[in-house]
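Take a look at this single chain, the form predicted alone, given in structure tokens.
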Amino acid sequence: MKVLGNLGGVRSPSELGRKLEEHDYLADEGLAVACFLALRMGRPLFLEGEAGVGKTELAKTLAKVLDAPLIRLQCYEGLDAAQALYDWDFPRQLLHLKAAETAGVRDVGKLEDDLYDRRFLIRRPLLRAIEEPGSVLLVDEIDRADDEFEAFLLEVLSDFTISIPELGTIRAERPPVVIVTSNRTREVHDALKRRCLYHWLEHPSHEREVAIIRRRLPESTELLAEQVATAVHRLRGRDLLKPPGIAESLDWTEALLALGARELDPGLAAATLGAVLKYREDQQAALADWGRRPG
């Protein structure tokens, strides 16, 4: 079995869950097991789920647990290999070339070698992750990238080796811990999923959401956390354009606390609705619902 070197002293899923909790991330048993196996087997972890359920936050917290640098590759439409892997700093190369010519350097071969020196190499996230042993690589929202980039990423994740024509082959001394996330705005190819361990991240249960709110915002009263979690779970049950995630629950609670609230007053809730619902249609639906069932 291939074993990843950087386990951070973690010997079991339950221990990993406790270490994540020490950094205020409350993972359920299924997520702790999936994350532990990814570390133990040296496999990327593919996290799928709705926006705001804690996928990105897991990678950030895992980096803290492992005391490792977090390297984030934010995916978007049109992302290509050069933007994710490396590029050459052409303006600096041009300045170097002009300076060399001014100094009277005529050796073309030497000029070419100098132009493709490491000092002119711009390391993008994938190259940084390959070169920094034990790092945590977050490939965020892979579903936003194109099919071509997916195929390229699969190749990189297969052996963590890249070839730079001007410098040669670069191989990871110790592969990074890789977390790939998707909001499932489109289906990701099976080939990439097969390379990874997979976990679907659900919205937290009511009890876990209350615990998360109290852990992240200890100044919140038990009553306020209970009422926010109840209201958010009710909103998730409606047919909204963008159901609120745990991030919105925390934002809403923080907004209420900033206004001195100790419980979910209907007036304050309506006034702060922009912290939890980001579409006008969703806000109107919530207000209409609250009109029928105040508080």
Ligand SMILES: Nc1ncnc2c1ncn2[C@@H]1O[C@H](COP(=O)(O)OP(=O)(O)OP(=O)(O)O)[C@@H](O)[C@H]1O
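Not measured: the values here are computed from a predicted model. Residue numbers here begin at 1 and follow the sequence given.
Keep in mind that the form predicted in complex with the named molecule is missing from the display, and what follows is about it.
S.K.: Consider residue 216 of the chain shown here, and say whether it contacts the named molecule in the predicted complex, taking contact as heavy atoms within 4.5 Å.
M.R.: Yes.
S.K.: In the predicted complex, is there a heavy atom of the named molecule that lies within 4.5 Å of any heavy atom of residue 281, even though the partner is absent here?
M.R.: Because no heavy atom of residue 281 falls inside 4.5 Å of the named molecule in the predicted complex, the answer is no.
S.K.: Consider residue 212 of the chain shown here, and say whether it contacts the named molecule in the predicted complex, taking contact as heavy atoms within 4.5 Å.
M.R.: Within the cut-off, so yes.
S.K.: Would residue 53 count as a contact of the named molecule in the predicted complex, using a 4.5 angstroms cut-off between non-hydrogen atoms?
M.R.: Within the cut-off, so yes.
S.K.: Pick from 226-234, 266-274, 36-44, 22-30: which stretch has non-hydrogen atoms within 4.5 Å of the named molecule in the predicted complex?
M.R.: Careful reading of the contacts points to 22-30.
S.K.: To verify the annotation, which of these, 246, 65, 240, 255, has a non-hydrogen atom within 4.5 Å of the named molecule in the predicted complex?
M.R.: Among 246, 65, 240, 255, a heavy atom within 4.5 Å of the named molecule in the predicted complex occurs only for 246.
S.K.: Tell me, out of 150, 141, 132, 114, which residue has a non-hydrogen atom within 4.5 angstroms of the named molecule in the predicted complex.
M.R.: Of the candidates 150, 141, 132, 114, 141 is the one lying within 4.5 Å of the named molecule in the predicted complex.
S.K.: If we check the named molecule in the predicted complex, which of the residues in 67-81 reach within 4.5 angstroms of it by a non-hydrogen atom?
M.R.: Heavy-atom contacts to the named molecule in the predicted complex: nothing from 67-81.
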